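Below you will find one chain, with nothing else, as structure tokens; this is the form predicted on its own, and questions on how it binds or moves follow later.
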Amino acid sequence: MKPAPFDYHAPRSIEEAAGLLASLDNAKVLAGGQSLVPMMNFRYVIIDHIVDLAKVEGLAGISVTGAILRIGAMTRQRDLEFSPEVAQHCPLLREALSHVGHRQTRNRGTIGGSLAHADPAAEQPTVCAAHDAVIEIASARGTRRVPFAEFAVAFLTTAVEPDEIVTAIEIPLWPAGHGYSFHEFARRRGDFAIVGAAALLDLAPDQTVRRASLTLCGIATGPLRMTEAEQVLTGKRFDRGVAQAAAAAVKAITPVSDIHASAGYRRHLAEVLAFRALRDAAARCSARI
């Protein structure tokens, strides 16, 4: 398959890119192409203009300022996977990236492209939901910041307007010594997740849960924070029973059903993976106390 004809644009600055999007009809941003290009080849997406961000200066990079990890939207997933800053300050992201496609996919794919594509089974949006990330978006009208809870609005749909560009992601960091874990079930390594679970835990020296985050992917139109499960955990002394009770709270969800898995199967997977993620996050946290 080949894509429908389109015009190609390669801006050098964010201002030029934003100007193109503001002036062109039926234009789409190319951030890495690992999702967009196959969709174009299958004619699932037909566009008149491609605005390639690969040569735009200042859209890639990783930095830590205070308790915020800032990642440029055009940062390649492979760079994040091997970044010492990510490994030290946001290990959940590094672990989640090991489930993303294959090495060739991560060599080209970008974090901004993954977020803008908004696949409900994608790992990087799940990490952003778990960490309460803030997404920076730019256009010819200026820059705005969107909490991730307001970013993913529907299936393959985000709060990004047609003339806007995701420019950066800011991830609030958890305290040193927190526990983290990412579990995922897919038919084959590198396939899209049928269900995934991301857990973050902050335990006191007596193992009391001071803070908890549990996020599922692959079960709805976007990442889903399990706030009821987090409430079950918070203030309790962490043990197997508490973890099981928190995992059982996911039974209240109504997952999607498709050719890959029924809603009931996804619900079962969600409970199992949630428990495993919480168990492993607690073990990592305990090892550092």
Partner chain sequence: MATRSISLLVNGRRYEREVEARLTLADLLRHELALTGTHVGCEHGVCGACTVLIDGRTARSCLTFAVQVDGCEVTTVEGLAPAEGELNVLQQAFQDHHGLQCGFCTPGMLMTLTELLRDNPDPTESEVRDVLTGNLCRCTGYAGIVAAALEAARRLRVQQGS
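Quantities reported herein were computed from a predicted structural model and do not represent experimental measurements. Numbering follows the first chain given and starts at 1.
Heads up, the form predicted together with the partner chain isn't pictured, but that's what we're talking about next.
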Looking at 55, 236, 70, 260, which is the one with a non-hydrogen atom within 4.5 Å of the partner chain in the predicted complex?
-> 55
Partner-proximal stretch of 236-244, 47-55, 249-257, 223-231 relative to the partner chain in the predicted complex, 4.5 angstroms, heavy atom = 47-55
Within 4.5 Å of the partner chain in the predicted complex, do 43, 76 and 103 each have at least one heavy atom?
-> yes
For residue 145, is any heavy atom within 4.5 Å of the partner chain in the predicted complex, or not?
-> no
Contact label in the predicted complex: residue 207 to the partner chain, heavy atom within 4.5 Å | no
In the predicted complex, residue 29 touching the partner chain (heavy atom, 4.5 Å) = no
Might residue 211 be said to contact the partner chain in the predicted complex, defining contact as any heavy atom within 4.5 Å?
-> no
